[in-house]
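Presented as structure tokens, the chain that follows is alone, the form predicted on its own.
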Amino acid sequence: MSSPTRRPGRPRDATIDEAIVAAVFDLIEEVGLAPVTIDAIAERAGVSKATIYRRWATKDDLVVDAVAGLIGRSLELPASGDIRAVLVAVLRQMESFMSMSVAGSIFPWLVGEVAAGTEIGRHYAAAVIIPRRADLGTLIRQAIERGELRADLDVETALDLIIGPVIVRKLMGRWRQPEEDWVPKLVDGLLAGWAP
């Protein structure tokens, strides 16, 4: 009787990953992103640096993966519904994520990395921006097929007009007066131009 084939190494422990990611966000909240080191993350998480480096090559990779995981849990696109309700829900989730989470506080840095085309910017775009944008584009195309939006609507331009204001509000937040529930006004303004 042959013995079962054994895979090399131990299975990855998800609780260790969670402790590392929690340490990242705790430290960013306490001191900001730049001063955070792998040493500090390892100490806070109660793991060795080698444990971290087996999972992520650099601190930047770790931060991007941590943010991507948080966004995955925080931003859920509605499966269906009229396009106004979908867009209001999506934009409210984005606004909440940007304003109330630690990951939102490092978003301006990530935007700079994306704009500069750095390796971490490309990683963030591939892990977070491109998949979310594609999912939202699918919802817009479905609304066009249902007749809720005009047939000649340029979906890529529509995506820019939906997502852009949230990013601008985040980047310019310290110079703006807070505005109560601006999301429905934005959506209604967009839909007025996109109606069949």
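Residue indices: 1-based, along the sequence shown. Every value quoted in this text rests on a predicted model; they were computed, and no experiment measured them.
What follows is about the form predicted in complex with another copy of the chain, which we do not show.
Contact between residue 107 and another copy of the chain in the model of the complex is found at the 4.5 Å heavy atom cutoff. Residue 49 falls outside the set of residues with a heavy atom inside 4.5 Å of another copy of the chain in the model of the complex. For residue 168, a non-hydrogen atom is located within 4.5 Å of another copy of the chain in the model of the complex, even though that partner is not displayed.
The closest non-hydrogen atom of residue 85 lies beyond 4.5 Å of another copy of the chain in the model of the complex.
Although the partner is absent from the chain shown here, none of 16, 32 and 100 has a heavy atom within 4.5 Å of another copy of the chain in the model of the complex. Stretch 149 to 157 is the answer when you ask which of 62 to 70, 149 to 157, 22 to 30, 36 to 44 has residues with heavy atoms within 4.5 Å of another copy of the chain in the model of the complex. Contacts with another copy of the chain in the model of the complex, taken as any heavy atom within 4.5 Å, map within 181 to 196 to 185, 186, 189, 190, 192, 193.
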